[in-house]
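First comes one chain, alone, set out as structure tokens in the form predicted on its own.
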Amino acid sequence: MIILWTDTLIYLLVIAISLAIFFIGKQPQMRRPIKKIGASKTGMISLVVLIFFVIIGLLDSVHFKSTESRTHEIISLLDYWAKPLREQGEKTYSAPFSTQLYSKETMTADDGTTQWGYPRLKFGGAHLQNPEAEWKMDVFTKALIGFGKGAGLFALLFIFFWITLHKNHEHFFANPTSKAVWFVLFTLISKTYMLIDLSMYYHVFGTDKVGEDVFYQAIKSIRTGLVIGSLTTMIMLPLAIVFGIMAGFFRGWVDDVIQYIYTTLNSIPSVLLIAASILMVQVYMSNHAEDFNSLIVRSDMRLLFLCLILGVTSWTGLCRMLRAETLKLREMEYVQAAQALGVRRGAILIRHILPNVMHIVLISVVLDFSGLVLAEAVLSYINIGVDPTTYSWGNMINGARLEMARDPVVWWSLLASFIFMFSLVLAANLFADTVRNAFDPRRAD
């Protein structure tokens, strides 16, 4: 098993989030907003979609050396299970569900004559004898079979929970929110299984210039988006919380120094800072090539440093909000009483200040996640984001820029990246709105 830096940090983050959820669930003041989130259809549906993306990202974060190839390349569990998508490449562009290449070429017939036309794909629709007559019915049949398999898997899952939670049928199966969640689960599982079945015989989103499956690229890009959104947040949060609370509570020269730091950071164009940092990383890896002898290790290191620099440049906004909230909290009666009784400052910060600013932290984290996912796409588009060999929606969009200028237009790479990125960002934004409404004291019931 191969453990990359980002893999380690991802699973540490999962453990930290699990512990945070357990801790928050024990706090009496947090139970009302948590129940409010659980009662929201929009919030729970978006949470299910986010969990679906997270599961795919976690599967893509377990790496090991493949024993099936001579080079012993590093692959993930997702790569292993998506082996047909990874290996069934074509010569060049092919449209979604196509059985032929997208461009005409000179073909040699069995009798030795040449003709100008669209060659058959090596894998897409290769099982068909007469594609023009069989294609539509074959796609429909395989989609229906895959959807049926997914529906059967959902039925088994539903029966399992029905038996396990027999004492809570009304809570988990009868109320409107739970019905909506089960419907979304049915849709996700059924359509996912349908796409998996179809991808065994066709390129669902076509292929790119080098014949690689675009559906595979879009799925692999999920991990990159999640890493950018989550690891950057993990780097940003400690800086924002510590500096924001210290500036608001201690005031004086401490407040002045911290304000000077984040004002200076805000004055530096973030794009230039990111570009300079990425260039430094590239120079370091070039000078220490023996330590980065694998493409996946090199791209992982660049991704880690991109998260680091984004975290260093994005903590200032939350820090300002926490400083303002702490300035208000330190004047509250219970904080003044604790100081008068001689309670240590550290205990006051941990017991009284930190718990009462956590709602701002939660809201900010969920809101910033979608912004960071979009930031990766923009940075990769201008070639200062993740490594070009890394699967990401930004790299897909950057590659589609030239493809859109072709005649005929190659549109499916842009469409695939847009659909996946839109789904993740929309789910994150809807869940952020639910969290904000639940934790906003002005909306308390």
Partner chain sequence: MIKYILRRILYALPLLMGVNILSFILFFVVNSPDDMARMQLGQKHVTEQAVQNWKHQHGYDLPLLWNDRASSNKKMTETIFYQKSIGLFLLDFGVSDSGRNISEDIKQRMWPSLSIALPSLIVGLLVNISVALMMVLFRNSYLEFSSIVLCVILMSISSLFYIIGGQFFIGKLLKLVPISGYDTGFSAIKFLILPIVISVISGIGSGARWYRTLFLEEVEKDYVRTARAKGLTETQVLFKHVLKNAMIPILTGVVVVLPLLFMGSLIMESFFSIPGLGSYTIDAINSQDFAIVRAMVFLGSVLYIFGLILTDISYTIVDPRVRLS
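Between two forms, the rigid core is defined as the largest C-alpha subset superposing within 1.5 Å. Residue numbers count along the first chain shown, from 1. Everything numeric in this text was worked out from a predicted model, so none of it was measured.
This next part talks about the form predicted in complex with its partner chain, which is not shown.
**Student:** Which one of these stretches, 370-378, 208-216, 89-97, 195-203, sits within 4.5 Å of its partner chain in the predicted bound form when only heavy atoms are counted?
**Tutor:** Result for this chain: 370-378.
**Student:** Please state whether every one of the three residues E132, F186 and M301 places a non-hydrogen atom within 4.5 angstroms of its partner chain in the predicted bound form.
**Tutor:** Result no, not one residue of the spot touches its partner chain.
**Student:** Out of S46, S417, S61, T390, which one falls within 4.5 Å of its partner chain in the predicted bound form, going by heavy atoms?
**Tutor:** Filtering the options by heavy-atom distance leaves S417.
**Student:** Considering L327, A276, A155, V254, which brings a non-hydrogen atom within 4.5 Å of its partner chain in the predicted bound form?
**Tutor:** When its partner chain is considered in the predicted bound form, the option within 4.5 Å is A276.
**Student:** With a cut-off of 4.5 Å between heavy atoms, is R401 one of the residues that contacts its partner chain in the predicted bound form?
**Tutor:** Answer yes; at least one heavy atom of R401 falls within 4.5 Å of its partner chain in the predicted bound form.
**Student:** Could you tell me if T263 has a non-hydrogen atom within 4.5 Å of its partner chain in the predicted bound form?
**Tutor:** Judged by the heavy-atom cut-off of 4.5 Å, T263 is in contact with its partner chain in the predicted bound form.
**Student:** Does its partner chain get within 4.5 angstroms of any non-hydrogen atom of S267 in the predicted bound form?
**Tutor:** Residue-level check for S267: yes, a contact with its partner chain.
**Student:** I'd like to know if I384 sits close to its partner chain in the predicted bound form, meaning any non-hydrogen atom pair within 4.5 angstroms.
**Tutor:** Within the cut-off, so yes.
**Student:** Can you name the residues of 390-428 that have a heavy atom within 4.5 Å of its partner chain in the predicted bound form?
**Tutor:** Result: I397, R401, M404, A405, R406, V409, L414, S417, F418, M421, F422, V425, L426.
**Student:** Please determine whether the C-alpha atom of L279 is displaced by 2 Å or more between this form and the one not shown following superposition on the rigid core.
**Tutor:** After core superposition, the C-alpha of L279 moves 2 Å or more between this form and the one not shown.
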